[in-house]
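First comes one chain, alone, set out as structure tokens in the form predicted on its own.
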């Protein structure tokens, strides 16, 4: 068993910054220190110190061809600094540069209308842009185990490019964004990964404790108590900074929110977030007729003036109506404010380790337990406890009813594996 998990990052944004710094943070902890913030300290013998970032791609001129250790601090990244001296040398392999990937649909044109402090600035010179052969060659040279898809929401063509590269290079994949989430696409991609003997966790990252997790917990608790949830509205919006920025101006949160302010890039994100809420009804056989179940991906309020500032704060507002014993009514409102990117890093640090452990056990295709626990639209929705049980079993290197059919020796076929509720084929 190799004790190092070698990771490639596609999209060196705030999430990548928090993950890389977070790995460094947990590597720096002294023996006996409490590792708070981790759902799983040990996954099959792999600890955070076993993660190493060895390759990266981006299109922003401020990041391309720079050291990955430096690029994570370049604008428009605005996530909190976890490592004050910016020394991430234990987490990032020496000499790792951010290579220039193809732009494709990864950068929306309207992003260029905003100040460079909060938006992307693609590198215009494409002479050094990696084609798929170059990407595959680099992945093999760097001996990459797992690729993280951190591209902006709406990047379907760019995601396909890196999915194809992963298959050709023999790399596992963690798909952190809502692409290829329809039941048909999920099965097609799963079969490709099965055929190559690879694992995948996806799709659309669910933060350690964010809007989707909170919605799921409340929805589950009410349904399990026999209470009928007739309205569940979850709205997310940009917020003022929680990092001491008191300037009198509006904020655009981070580039993720700004990227999603164009509605056409939001379709799959909207579907994916609602899958978390709707899925809990479906797995319990509860009707969704005459129910208001809605999850809005983002509300980005732009600053008035010429100098908006980026922050990494997200606010979730939940409004629920439910009916219980003899029709008694319940009203519930909740508000959660989080620092967005560290919240997401808390599950990805687990997802990459689950990919590695599952592959060592001979499991291929979508990891159903880890996908349900860490992603909004997994191949099959599970209750929080079911997904946690599956994750804990895999962390102990145990095969379960979900993983046994996916052993390579059983020659799994994606069409015959468990694909549950997935409300993503809707128009």
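Keep in mind the model is a prediction, meaning the values are calculated, not measured. Positions refer to the first chain, counted from 1.
Below, we turn to the form predicted together with a small molecule, even though it does not appear here.
Proximity to the small molecule in the predicted bound form, defined as a heavy atom within 4.5 Å, singles out one entry of 293, 194, 153, 316, which is 153. Of the listed positions (281, 96, 216, 255), a single one reaches within 4.5 angstroms of the small molecule by any non-hydrogen atom in the predicted bound form, namely 255. The putative spot formed by 58, 120 and 205 is fully lined by the small molecule in the predicted bound form; each residue has a non-hydrogen atom within 4.5 angstroms of it. Residues of just one listed stretch (220 to 228, 281 to 289, 324 to 332, 340 to 348) have heavy atoms within 4.5 Å of the small molecule in the predicted bound form: 340 to 348.
Although the partner is absent here, residue 102 sits close enough that one of its heavy atoms falls within 4.5 Å of the small molecule in the predicted bound form. In the predicted bound form, at least one heavy atom of residue 12 sits within 4.5 Å of the small molecule. In the predicted bound form, the small molecule lies farther than 4.5 Å from every heavy atom of residue 91.
At the 4.5 Å threshold, heavy atoms of residue 368 stay clear of the small molecule in the predicted bound form, well away from it.
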